[in-house]
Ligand code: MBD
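Next up is one chain by itself, shown in structure tokens, the form predicted on its own.
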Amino acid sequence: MTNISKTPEVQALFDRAAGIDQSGGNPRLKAIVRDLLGALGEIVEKHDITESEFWNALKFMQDGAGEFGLIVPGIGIEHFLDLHMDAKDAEAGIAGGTPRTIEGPLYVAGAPLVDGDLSRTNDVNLTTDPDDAETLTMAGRIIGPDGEPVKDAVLHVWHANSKGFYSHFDPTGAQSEFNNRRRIKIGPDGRYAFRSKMPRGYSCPPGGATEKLMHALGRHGDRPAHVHFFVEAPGYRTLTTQINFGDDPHAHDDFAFGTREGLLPVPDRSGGNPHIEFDFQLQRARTGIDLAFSERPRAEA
């Protein structure tokens, strides 16, 4: 097979396409685009990708652009980003704390901020719509690396309803705004508690780009029941994480690779309705970037 991607002529083409020979532009972007072009050239040659295959792949990406938020975790890239950040932490000597894991594409900014100081309230309810599912309760502490209670934390919580649909993304249109979504202002003791209706796992949209890709790869597109969290607090690194229910059939077979050790609590059903005790342990912020959310585009109500 003829390989030309390493020839001086093609290397010069990629250099010019990435603006390497130009003084203007963003040097970091140039370097990244140059490496992408080189890698793509090698892939085309290694697999002898035909012109038709290339343009059909591009059409698939164009048609499926609305599902990129699902495709990225589905092919493991979002989990890889977590692993990359874990490796950087390890290199910097940062260890411990609640594991980070994927955010997913279904957060909605602007959820109601409610008082979660347990000295004043014990009734933080995420579910506002009628739902005959089991009542899920969850409680625990937000602590720092030395076990100290974290003051002035805000716990963002969001999850699907008992049919596997998220408010604001529900194809049935049945849910009210911010159903199963809250921002909870935690008291000075770092303790939190909330209740909602038991979420159900779900599959990627039938007939959509993600499902088509998963089937083409011989994989399923199912997620276990889970609950998403952001945890933010002054002086601490903002945490993005989620729990997968450890007794769900897909707990260890999550198509989005959200499952991580330490994030698989099994609900206690000894009292009837499921209950979970779970502590969040944060790392101290080292830079201003640690205090911020990533600049990922997110939905707004």
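Don't overthink the numbering: it's just position in the shown sequence, from 1. Values in this document were obtained by computation on a predicted structure and should not be read as measured data.
If you look for the form predicted together with this ligand, you will not find it shown, but the lines that follow are about it.
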- [ ] Would you kindly say which of Pro199, Gly190, Pro73, Gly116 lies with a heavy atom within 4.5 Å of this ligand in the predicted bound form?
- [x] Pro73
- [ ] Have a look at Ala111, Leu106, Ala209, Leu81 for me and say which one sits with a heavy atom within 4.5 Å of this ligand in the predicted bound form.
- [x] Leu106
Task: Contact segment among 259 to 267, 229 to 237, 49 to 57, 65 to 73, judged by heavy atoms lying within 4.5 Å of this ligand in the predicted bound form - done: 65 to 73
TODO: Examine Phe245 and determine whether its closest non-hydrogen atom to this ligand in the predicted bound form is within 4.5 angstroms.
DONE: no
Task: Proximity of Met138 to this ligand in the predicted bound form, heavy atoms at 4.5 Å - done: no
Open item on the list: Residue-level contact is defined here as any heavy atom of the residue lying within 4.5 Å of this ligand in the predicted bound form; does Arg181 satisfy this criterion?
Closed with: no
- [ ] Classify Ile102 as contacting or not contacting this ligand in the predicted bound form by the rule of any non-hydrogen atom within 4.5 angstroms, answering yes or no.
- [x] yes
TODO: Check each residue of 155 to 174 against this ligand in the predicted bound form and list those with a heavy atom within 4.5 Å, in sequence order.
DONE: Tyr166
